Structure formats: structure tokens, C-alpha cells
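Shown next as C-alpha cells: one chain only, the form predicted on its own.
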């Protein structure tokens, strides 16, 4: 099997983690990466150590094989068939951003595979509208492939098999990071779920304003009934009839790497013999957000390649196919 040639869009916390994990894989090779100020490409594979050493406000344009540009995404699109798969680690804000990036690939005629860690319901709805364009290019896009939606949502699909009626799916996550600077985009996405905040307000907050908010909350963001695409993805495959049956909430601690709460997915339903019961899927506290997002996303990227090889094109959710293990 030839190694999949992978491009990563975004070099923030998740992008850098993706580069590190890809360096440990035999079946995938990171050949391109970009951020808002630069991009890097090497057909033999990028030097991951130089990416890992980047600190906030650095750019991949300064690493080995890098160059400065105001359109790193465009540079990667221009590589065309030199790229087999794309992992999208870009900010989820605004909702139209990642769909807009995908449209650029479609318009360029790119034929390859994608996965992302897109989270918001509206953004995923917009992604599904791109199905025909992706099909025309013989591309495959698997959306919502991180931890939630993604790993936990797929687990809910499996758990649902024990029941004839699903009552509800409750996802509660805990994330700990020692410095919010490493995951600025992710923090802003979470702030957008707080009462009194919107996607646009969170997106336009300055770093100082974010830090002031975190000072007020002692570094913690406690979120309830988030607009998370687990609902549309589980409804899409028939696990739930109504999106209201899916609840997602969590606690983000931006001042400690220790998880503030354990991440769980609990599915409650009625069995064929009338018994109410619950299945629970628990993530180990030692696994980081990056591990639980990037691992599944790469597994889904391999599945997308398998689908393309079998002539199955278009866009699908993480609840519709199992990820494959990337050796």
C-alpha cells in the first residue's frame, strides 16, 4: 500500500497535534500544512519537529520547506493530485468558513478525500449542501469526525443497537489544557455557546477580551445544551427521531492539563422486552482532547480513501461509517 499523502489545513493546537501523530503512522505521510500566513510542502514528507516547535503567532511559512503567503489554502489546492487526503483543522467560526473552503476545492476540481472536526450543527448542515459538487469531482468528505461529534457519536450508533426505542443521548465532555494560547480557535468556539454570546461575537473577541472572560470564570468554561452536530448526525442515521433527544455539554479548564470531568456518552433506551436501560461509553482521563480528536479524524480519513477506491463519493457524517485503524 502506498502511503497516503496528507495535507493539514491549520497549524494551531489540533494542526500541530495532527502533524505529530502523522509522524508516527506508516500508512500516512504529512506532505503539506498551512496557516493564515504561510504554507509548507515537501513531497517526501515535512520535518514534523519544526512544526511541533511552533509557538502561538509563529507561522509554518518559517519552517523547513515553508514559505510566506496570505493564501496557504490556495497553495495547497494548487498542489492538486499531489495530495491524496486533507484533514481540516481550521477554526469552526463563522459557520460558513469551512464550507467556503470546501467550495474552493470543489471549484478547483480537486478529487481527493477529506475529514474534519467540525462541531456546530449549522455548519454541518451547510456542509451537506456540498454533496453534489463533491460527487462530481469524485471526492469523499467525512464530516464531524473528532471526539464529539465523531468518536462519541459513533459509539452512540453502536450502543443504539441494543434497543428498539432510543429515549435520549447525553454527551458530557471534559477538556483540560494548561494554556489557552495553544487552542485559541477551540476556546472561541466554546465561548460562542455561552449565554449572551454568539458565533460572531466570539469570533471577533480580542485575546485580551478572552483572557478577561477566563479570569472571571477562574479559567473554566461550563457549557450546557451546546449547538453540537451530534444531533443532526444521529438523526440522519435514525438513532433519534428528534434532535432535541441529544444533549451535549462540557467543562473546559484552560489552566490545567487535567480533565475537570470525565468524558462520557450515555444512551438510554427501551429494549424489545420493555426494559429501560443505558449504555455508557467512557473516555480515559489520560487521553487528551488532541488524542481523541486527531486519532478518529485520521481513521475516518483512511475510511474516506477506502470509499473513494470503491467508487462511493460525496459527503457523509461520522455516524454513517466506521473509521479504519491507521497503522
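From a predicted model like this one, the values you see are computed outputs, not experimental measurements. Residue numbers count along the first chain shown, from 1.
What follows is about the form predicted together with a small molecule, which we do not show.
S.K.: So which of 189, 75, 84, 253 reaches within 4.5 angstroms of the small molecule in the predicted complex, heavy atom to heavy atom?
M.R.: Contact check passes for 189.
S.K.: So which of 90, 154, 233, 113 reaches within 4.5 angstroms of the small molecule in the predicted complex, heavy atom to heavy atom?
M.R.: Contact check passes for 90.
S.K.: At the 4.5 Å heavy atom threshold, is residue 97 in contact with the small molecule in the predicted complex?
M.R.: Flag for residue 97 set to yes.
S.K.: Quick one: does residue 229 come within 4.5 Å of the small molecule in the predicted complex, counting heavy atoms only?
M.R.: Although the small molecule is absent here, residue 229 would stay clear of it in the predicted complex, with no heavy atoms inside 4.5 Å.
S.K.: Look up in the predicted complex whether residue 11 has a non-hydrogen atom within 4.5 angstroms of the small molecule, and give yes or no.
M.R.: So residue 11 counts as contacting the small molecule.
S.K.: Does at least one non-hydrogen atom of residue 184 fall within 4.5 angstroms of the small molecule in the predicted complex?
M.R.: Result yes; residue 184 sits at the interface with the small molecule in the predicted complex.
S.K.: Looking at heavy atoms inside 4.5 Å, which stretch does the small molecule contact in the predicted complex, given the options 31-39, 44-52, 261-269, 275-283?
M.R.: So the stretch in question is 31-39.
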